[in-house]
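The data below hold one chain only, encoded as structure tokens and taken in the form predicted alone.
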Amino acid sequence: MTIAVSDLGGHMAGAVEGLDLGRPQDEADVRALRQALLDRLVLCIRGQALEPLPYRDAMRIFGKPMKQITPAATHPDCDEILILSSEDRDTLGDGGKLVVGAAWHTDDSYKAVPCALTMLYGVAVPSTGGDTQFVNMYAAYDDLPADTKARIAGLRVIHQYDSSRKGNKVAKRTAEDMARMPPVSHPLVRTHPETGRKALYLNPNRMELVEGLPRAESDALLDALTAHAIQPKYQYRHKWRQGDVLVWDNRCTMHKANADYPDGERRRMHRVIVQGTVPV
């Protein structure tokens, strides 16, 4: 088939309909999908009905799926799928409700090699609410004043799993897990390895400190850049439909989940992430 991408968010995000990810895709369509993602940053493939293993296998067209590191939330039939659910609880902590990704973030920045892309499949979607919001970090960087770009060029930020600056509760991890997740350093401005474009690389939920700056100055800079990046003009808000497969590029976006759906309604997503490279 010929891939047609319709506009979803003006400056970012597109939708593809009539494509069955459960079937093998020809090379031309795979190239078109990959290019559409590079161009749009967020790509929604509508109307899918996929069992776990075929879903994982379909995502190989975008990269190498990675094994999940959260055993309690890993799908029992596929260790590359993480289950995100309205029933999530902080099982190792206080047992309370956990809304994964409720604050602005980009996936895996607390790792030395973060994932490149994230795929989320809407298995059960509430009747209203539960949207996922995105921001275009290319545009946020491009619009910075020249003096700000000069100031932040070359700066690096310490990212860690349980940052003192985090905006939402994170799941408690075992001591062994935490030992495997030491703080890491990433550039504040990231160059996309495929497009060559520069983007702000922020994760308000994981950033701890700008290297070489006093705490107060670091906090002020990170807060100002975050406030700039999440302005409505850079945002796209995805309203889920049953069977949506949403793919986004963590190298040039941030996102957040909304838990504003009606009490008692179920939301279940299957997440796959694909291998990335060291941010530069």
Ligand code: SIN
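For clarity, every value in this text was computed on a predicted model and none was experimentally measured. For every residue, the number given is its place in the sequence shown, counted from 1.
There is also a form predicted together with the named molecule; it is not shown, and the following applies to it.
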message: Taking the named molecule as it sits in the model of the complex, is residue 120 in contact with it (heavy atom to heavy atom, 4.5 Å or less)?
response: yes
- request: Examine residue 188 and determine whether its closest non-hydrogen atom to the named molecule in the model of the complex is within 4.5 angstroms.
  value: no
message: Is residue 101 near the named molecule? Define near as a heavy atom within 4.5 Å, in the model of the complex.
response: yes
- prompt: Closest heavy atom of residue 84 to the named molecule in the model of the complex, within 4.5 Å or not?
  reply: yes
query: Going by heavy atoms within 4.5 Å, which of 101-109, 139-147, 191-199, 205-213 lines up against the named molecule in the model of the complex?
result: 101-109
- prompt: Which one of 257, 16, 21, 13 is close to the named molecule in the model of the complex, taking close to mean a heavy atom within 4.5 Å?
  reply: 257
